[in-house]
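Next up, structure tokens for two forms of one chain, structure 1 and then structure 2.
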Structure 1
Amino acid sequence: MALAEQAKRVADEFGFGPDAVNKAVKEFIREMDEGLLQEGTELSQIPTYVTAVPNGTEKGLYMAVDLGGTNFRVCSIQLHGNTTFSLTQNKVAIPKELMVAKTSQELFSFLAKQIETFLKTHHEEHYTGFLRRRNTIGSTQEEEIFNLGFTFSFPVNQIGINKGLLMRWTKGFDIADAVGKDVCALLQTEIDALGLPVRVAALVNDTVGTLMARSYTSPGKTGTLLGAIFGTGTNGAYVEKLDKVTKLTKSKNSGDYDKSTGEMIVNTEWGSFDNSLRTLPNTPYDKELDEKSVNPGIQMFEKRVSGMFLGEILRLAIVGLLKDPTFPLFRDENSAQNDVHSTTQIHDNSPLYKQWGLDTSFLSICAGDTSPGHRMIRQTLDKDYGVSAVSAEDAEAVRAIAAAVGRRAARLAAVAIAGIVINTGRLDSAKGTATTEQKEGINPPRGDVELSEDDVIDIGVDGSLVEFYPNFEDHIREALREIESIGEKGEKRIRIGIAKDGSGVGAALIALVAGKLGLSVSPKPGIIWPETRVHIAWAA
């Protein structure tokens, strides 16, 4: 069998056709509804206590901080009220000793000091004026307080828009006395100790932030339905009808939330969709990846879709072929069989033989290489992966398999998007997402919109796959057209746009909504700030 035919046989193992897509969509909808009813389900469906999205007319100056790993970022975001914003930021590395500090106070006081440094550096006039009035008059004005969105990328049990109990540390952090405590209160305590004009208004998930950032910057009047990340990991957050979130509305232990919009943003945590493998494809390469992963049996959707895993799936497929003596990949009986007239060799220490040795960016190179004889693929295999004298036929075989892995990921992504579009009823209704203000009469207009605005279903996406993998959106749209409840007509109504910086701009917008919708937020345990229905910041 010729190499091209054998490569096609392997590529076909990654097929995920229309019937499989439709079956998976039905399962996604079933798991969505199950997760809204109860805890402990495959789709977590976490209520975020955020009940409206921005519409692009909001103004003011807000703050955001992002503790996502080994760095801490502090931002201020000036919203201009015309879908645009200006961002100022500082980033600092977390000292390793603080990642394993004896007390949470050591870490959170360090974070508060970075906020103080940021205010002194970038907002000195306001900060010193606030201190002067507080020291001479003894009180300050509500308008002088920054609302801050806190992106905290560790597992938390969120019990309010600005309340979340740390479940466990990850990413090298290990501070035992913080577990079970409200991380917003820990930060607020240290902010108050420094006398800073800052209120921790919202605890933020970066996927929810992606939804908010897109809704602020998107063209037209319609609020964004879904924010999705397709990068190193994958997740989605969407706007759900409040009365469907019964595990929240019927719970006696839920925190306070605004009920006036009738909606709630839900964090799906869809990386764990179909962990039971009722409908997800499961090739031998998927099985091997899962068995050798640090978390076998969970995040099964993410392991087929996200950038962290696609390179490894391709690597396992290639290694499997190299072990098959009947498969002529990277093999020449003599140099005359190779178009570069040199015998192909794989170095013994090639990353292809090591777990996680093949970076997912290689799939993007394969998809985008239209050069004669696939020169870019061959050069990358030589330079980065220790495979010398790769033939054009070898490169084409690798390209075909890589394309199949990437296309399957995009078609799986379409399953999640379609499930949310269908289950929220947006295809059947012209009603858009609730926003912080009514969208009618927005002036200036929010960009050019080809469809009638009432027909648009807006989706914000972020991540390396949607940004850098060629034709990823095209593959998503191809699958959407094949889904029974969407079809060509429905697919045309779905507008997909890039949303950047959910942990910065998105976090600031959630802080805005926390104030704008009149939610009580506590800077200190036992102290409730007055409710207000105007955003608490100062305008430029």
Structure 2
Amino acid sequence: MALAEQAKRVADEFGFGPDAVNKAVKEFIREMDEGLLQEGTELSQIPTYVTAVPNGTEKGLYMAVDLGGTNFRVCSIQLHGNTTFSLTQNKVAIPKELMVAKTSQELFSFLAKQIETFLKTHHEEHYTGFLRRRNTIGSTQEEEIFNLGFTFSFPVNQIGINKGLLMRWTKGFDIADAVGKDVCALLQTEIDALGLPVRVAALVNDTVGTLMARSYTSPGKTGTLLGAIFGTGTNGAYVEKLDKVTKLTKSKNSGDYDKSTGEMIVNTEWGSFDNSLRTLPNTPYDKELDEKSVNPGIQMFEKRVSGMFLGEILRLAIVGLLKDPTFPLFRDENSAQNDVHSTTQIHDNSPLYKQWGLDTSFLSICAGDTSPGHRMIRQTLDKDYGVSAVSAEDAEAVRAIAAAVGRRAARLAAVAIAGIVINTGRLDSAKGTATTEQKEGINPPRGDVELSEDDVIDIGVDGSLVEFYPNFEDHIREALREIESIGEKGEKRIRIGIAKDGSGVGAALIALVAGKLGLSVSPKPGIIWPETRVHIAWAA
């Protein structure tokens, strides 16, 4: 069998057709409802205690930190009070050994040190002034303390605006002693050990921050419905009707929260959608990836969708093929077609032979290289993956399989988006979120919007996959059109917009309000947003 045909056979293993998509959407809706009723379900459906998306203007300086899956970002946001603000940020890669550190203190002291470095670099005057006053007069002023929003992108059982217990680690992190602890307290302890003028005022999931930030910048009248991340991990937070969140409203143990908007933002933790594999596809490569992961059996949706895993799925598929002597990939039969007219070779140390050796960015390169001969793919295989003299046929075979892995991820992403759009009833009514009415007339709609603004269902997204994988949104849209209760008409109503780095801004804004209301001093769940207006503008 020719290489191209055999590659197609493997690519077809990643098929996820319209029937499978529709079946998965029904399961997603079932799990959404189940998660709103009780604890311990596949979709965690965590109430965030945030009951509206903010739309206020304030002056002042706020901080945010963001512990994602790959990087730790520290930023400060200066709100100018005239509907704009500037943002200064610093990003460091989280050292791999800290992701699996023996104690949580090792990780959190590293984070506190990054905050210290950031303050010294970007707010030196403020920081040294604070130290001077503390050392000379022995006391400091409340205004000198930065309120900090902590974006912590892992499943947390939120029990207050700046209090949340880690449920489990995801995305390759594994530090046993942190599970069950309040992550804000862990960070505050290390901040205090360094004597920094910083108070952890709010705890936010990155999806919630994305939803907040998008809601400011969204060009329409209807408030944003969903904030979603398709990056190292994947997850979504959406605006739910409060009376559906019965596990909170009927519980005797829940804290106070504002009931006036009748809504609450819920963090779905959809990375764990269908852990029991009722509807998710399960190729031999998915199985192997899961078995060798630090958390087998959980985050099964995430393991098929997000950036941390797609490269590894492709790697396992390629390595599986290389083990098969009848499969002509990277073999001399094809070498006549390569540029250098030498035999194809895979270096013994090729990252292709190491777990996590293939980066998901390679899938983006494959999807982006439509040139005849696939020069980019061949060069990358040579330069980054130790495979020399790759033929055009080899590159085409790899490209076909990579495209199938990426397309399946996008079609699965559509399942989650569709589940939320359908189950919140947004397709039936043109009603927006609590913010909608308040926002009316604030900002003129920006960009060309063909639809009536009342019909738009707005979704904010962020993460490396949506940002860098070519046509990720197109594949999502193709699947959305195939979903029975969405179809072409519904798909057109869904507007997907990037809320770049929104999670940091969202966190700072929540810190702002939490600090202002004094919630951070006496932690108490529930935010009531003041009647103020902010328009976000990005600093260059």
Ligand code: GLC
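Reference numbering: structure 1, starting with residue 1. Between two forms, the rigid core is the largest collection of C-alphas that superpose within 1.5 Å. Keep in mind that this is a model prediction, so the values were computed, not measured.
Participant: Between the pair I just shared, point out the form predicted together with the named molecule.
Facilitator: That would be structure 2, which is the form predicted together with the named molecule.
Participant: Relative to the superposed rigid core, does the CA atom of K96 travel 2 Å or more between the two structures?
Facilitator: Yes; K96 is a residue whose C-alpha shifts (by 2 Å or more) between the two structures when the cores are overlaid.
Participant: Is the shift of T70 between the two structures large enough to count as movement, that is, does its C-alpha move by 2 Å or more after the core is superposed?
Facilitator: Yes: T70 shifts by at least 2 Å between the two structures.
Participant: Core-aligned, does G463 move its Cα 2 Å or more between the two structures?
Facilitator: Moves: no, less than 2 Å.
Participant: State the core-superposed CA shift for L203 between the two structures, in Å to one decimal.
Facilitator: Reported C-alpha shift between the two structures: 2.4 Å at L203.
Participant: So, with the core fitted, how far does T170 move at its Cα between the two structures, in angstrom?
Facilitator: Looking at the C-alpha of T170 between the two structures, the offset is 9.0 Å.
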